[in-house]
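Only one chain is given next, in structure tokens, and it is the form predicted on its own.
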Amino acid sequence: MAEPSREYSTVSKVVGPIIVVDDVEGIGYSEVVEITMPSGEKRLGQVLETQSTRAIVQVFGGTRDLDTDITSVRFSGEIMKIPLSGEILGRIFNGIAHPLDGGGPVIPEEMRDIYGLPINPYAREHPRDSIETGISAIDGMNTLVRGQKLPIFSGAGLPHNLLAAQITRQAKVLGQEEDFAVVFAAMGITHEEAAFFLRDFRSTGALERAVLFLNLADDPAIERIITPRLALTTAEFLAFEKDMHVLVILTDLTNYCESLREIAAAREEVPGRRGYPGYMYTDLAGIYERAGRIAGKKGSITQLPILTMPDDDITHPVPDLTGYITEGQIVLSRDLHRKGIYPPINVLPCLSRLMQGGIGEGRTREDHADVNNQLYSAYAQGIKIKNLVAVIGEEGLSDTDRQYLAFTERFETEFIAQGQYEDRSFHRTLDIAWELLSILPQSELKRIDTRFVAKYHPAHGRHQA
């Protein structure tokens, strides 16, 4: 970082994580600043807004013990950058890229702007080639495609952290495992959650191919603003400079948006929906749109953002805006969680808009698309009958209706449910699906090509891949 060029002791106002510096000149937006506290302690900050002679600065580390008399601010003349190298895999950092693993600072091959550059739409390649997570409810019915952004909508108390850890352990691009990496960024998690992730990643060996950024709940909320950007900048370096396929897991985006709201309130901005700033859509798009594939580059960035829905409300501004930007969603169900089903993925409201381009012959298996359609149809029919039984009882049900009920029960307990360390291949997931579909009369399998029924249905001696 260049030698700071300007220093001021004209802090006029302190509001939450924000300070106002007066009588400044030539200050740039997003410029990094160094704040010297009355005690001599130094903290980093960043320019949020500049006016003719005034700069509004967000302070990383919080504004506790800061005053308007002695505190001095030095403006660096540069925007925030992160040191990057191919040796960054296996490292653990806090939310502002300071090492937590005792490994010392990164010796950089490159210093890179954390805000990155948008991918030219003309240079984008359409996402294709599926990522195998080992989780049937995702791989079988909402397949994640390399270069996609597919959020997980969760709720307080649901096991999204367990799911994130399992995906981190198991995710792979088939045939290209050696080029696969995970960048994991946690925002506002507890010490217990951080300890869980570290223990799990270390014990399973997943840390060797991962980079972790951990912003804890008792860290200043303002630091959460840059944590996902540090992670995505790291992912871009690994993907487009080191030719790796990178899966970025961001949890919890709701905590990130709460920090946006805190800054907006401190700046006395006119609030939007539920007090969130009106620019939250644009801000989230600046994060989500950093996923993708670039023509001529071997690497790719795939995003799995995780967010908790307050009161399980999918119309809350954070999941609502996320749904407009991303390419589908995975939705966790509190009802399935109460039944003891893990992972409690409610497949009916789930969607992967890019799934069709990543499945089929030569990618997963030739029958994948038809089996997916049939599973959705059968499970939806079974849920409909189940709700009807709750009103009128089972007396008026036909034999086929009862078979749909049996299918629905086993679908939840055998297909959706699986162990936290159970890693299912695409073929295993599809074979389980055929076992369950065999509960139904073959005449009900109207969404599957008869060729596939003859080849894969257990009654005909399923083909073994």
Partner chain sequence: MTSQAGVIIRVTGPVVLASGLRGARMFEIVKVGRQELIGEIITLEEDVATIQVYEETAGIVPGEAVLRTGESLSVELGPGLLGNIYDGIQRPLREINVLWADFISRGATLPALSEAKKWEFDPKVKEGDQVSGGDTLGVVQESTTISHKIMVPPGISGRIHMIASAGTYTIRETIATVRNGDRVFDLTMVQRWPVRSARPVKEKLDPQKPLITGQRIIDTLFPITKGGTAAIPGPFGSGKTVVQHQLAKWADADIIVFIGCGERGNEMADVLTEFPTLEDPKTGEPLMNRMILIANTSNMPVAAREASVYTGITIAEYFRDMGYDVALMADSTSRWAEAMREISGRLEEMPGEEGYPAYLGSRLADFYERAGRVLVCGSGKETGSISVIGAVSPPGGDFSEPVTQNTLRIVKVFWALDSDLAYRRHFPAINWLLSYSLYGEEVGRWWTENIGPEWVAYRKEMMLLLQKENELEEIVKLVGPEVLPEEDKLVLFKAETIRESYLAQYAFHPHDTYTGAGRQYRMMAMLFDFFTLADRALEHNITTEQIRNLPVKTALARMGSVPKDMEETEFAGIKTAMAAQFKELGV
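Each form is matched to the other, and the largest set of C-alpha atoms that superpose within 1.5 Å is called the rigid core. Residue numbers count along the first chain shown, from 1. Quick caveat, the model's predicted, so the values are computed rather than measured.
As for the form predicted together with the partner chain, it is not shown, yet the points below apply to it.
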- Where, among 83-91, 249-257, 101-109, 372-380, do residues come within 4.5 Å of the partner chain in the predicted bound form by heavy atom distance? 372-380
- Contact check for 123, 320 and 351 against the partner chain in the predicted bound form, heavy atom at 4.5 Å: yes
- Is residue 446 close enough to touch the partner chain in the predicted bound form, meaning at least one heavy atom pair within 4.5 Å? yes
- Message: Please determine whether residue 48 contacts the partner chain in the predicted bound form, using a 4.5 Å cut-off between heavy atoms.
- Response: yes
- Message: Please determine whether residue 195 contacts the partner chain in the predicted bound form, using a 4.5 Å cut-off between heavy atoms.
- Response: no
- Query: Is there a non-hydrogen atom of residue 265 within 4.5 angstroms of a non-hydrogen atom of the partner chain in the predicted bound form?
  - Reply: no
- Of 219, 200, 236, 367, the one that lies within 4.5 Å of the partner chain in the predicted bound form (heavy atoms): 236
- Query: Looking at 285, 162, 174, 341, which has any heavy atom no more than 4.5 Å from the partner chain in the predicted bound form?
  - Reply: 285
- Message: Can you list, in sequence order, the residues from 143-161 that come within 4.5 Å of the partner chain in the predicted bound form, counting heavy atoms only?
- Response: 147, 149, 153
- Core-aligned C-alpha movement of residue 272 between this form and the one not shown reaching 2 Å: no
- Determine whether the C-alpha of residue 380 shifts by 2 Å or more between this form and the one not shown once the rigid core is superposed. yes
- Task: Superpose the two forms on their rigid core, then report whether the C-alpha of residue 389 is displaced by 2 angstroms or more between this form and the one not shown.
- Result: yes
